[in-house]
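As a starting point, one isolated chain is supplied in structure tokens, in the form predicted on its own.
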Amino acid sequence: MRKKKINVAVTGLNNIDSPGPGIPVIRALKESKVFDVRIVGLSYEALEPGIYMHELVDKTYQIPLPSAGKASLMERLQYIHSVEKIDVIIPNFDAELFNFITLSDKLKKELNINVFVPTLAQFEDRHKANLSAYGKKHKIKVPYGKVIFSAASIPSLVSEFTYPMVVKGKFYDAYIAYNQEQAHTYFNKISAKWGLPIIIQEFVTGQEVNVTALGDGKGNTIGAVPMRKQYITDKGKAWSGISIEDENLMAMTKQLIKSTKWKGGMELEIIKTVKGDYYLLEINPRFPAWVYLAVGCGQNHPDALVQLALGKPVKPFKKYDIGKMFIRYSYDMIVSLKEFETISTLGEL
């Protein structure tokens, strides 16, 4: 059967030590059995490696930082679309999702660009700062947490928490603080990068397991693959992992998607204690950087998301391979200075 040609724009091309999901998503789309996908990369920085991976990314355009606002983003996307005729956009960063969510209807009506992302309510409800209320609402165990806006609040935390405790940013980064001095250091480090508030979370020990999943927006789980981290970097990122069989974890994922009617990709970060309890640490409202493991296990979540975005019926995946591993690696690309200058000055390559 001849594949339909489509143009898909993808963000998250920073395939570095703390990788974005863009390159794994693109690899998954290139293996689609339904579409012949041309990839339009959307970058924020000129040194994002994905810009120069020409075997995966057909053309790249720089777009404004999320802080520039949705009007600037819309204006830039209008220009890119006039050249590329984009069918679907897959945003892959938490920080950019608000703009894409609020623009999704306008993109569809004015440009016929499809964006299959969570609703604004779904996006706001699962924020780290709201996790305690979220857990109660959906009957899921979560570590006790508190939002603080000033480092001056740290000394009084001992009335509610014991050390070690977890210090988290509103978008990214999490550190384990073993004393008050470390808590101050991490507060300043994260707030300088991501702003306020800072989330203080109870430290729960156990085995860290994650799930990459896709919801159709109607309460149905299209796909879900759980994995256990095998090697974790100093930034807490999985550098290798293995798909696992865990009926309780799968049931928890499906119940959450059913309860929230989740729309789009998601990642659940969970701690399984020695007693067998599952604590939800956070929900990332997009595919994780390890989503290509799902493809290797027989579930191509990015491809299914594109089908959903285009209004095509998608049957849920019924199974996945257990015991498949991913091992991340890095290598040096040789890039001409001319290419770097082109993306830096013209904003496209």
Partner chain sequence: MKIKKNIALSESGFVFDPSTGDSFTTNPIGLEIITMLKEGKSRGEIKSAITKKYNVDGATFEKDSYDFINMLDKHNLTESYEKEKN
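All values derive from a computational prediction rather than experimental measurement. Numbering follows the first chain given and starts at 1.
What follows is about the form predicted in complex with its partner chain, which we do not show.
Asker: So which of 133, 242, 196, 151 gets a non-hydrogen atom within 4.5 Å of its partner chain in the model of the complex?
Answerer: Only one listed residue qualifies here, and that residue is 242.
Asker: Give me the residue from 158, 83, 251, 274 that has a heavy atom within 4.5 Å of its partner chain in the model of the complex.
Answerer: Selected residue: 274.
Asker: Let me test this: is every residue among 207, 230 and 323 within 4.5 Å of its partner chain in the model of the complex, going by heavy atom positions?
Answerer: Verified in the model of the complex; spot residues all in contact, yes.
Asker: When its partner chain is placed as it is in the model of the complex, which of 72 to 80, 141 to 149, 181 to 189, 243 to 251 ends up with heavy atoms within 4.5 Å of it?
Answerer: Heavy-atom contact with the partner occurs in 243 to 251.
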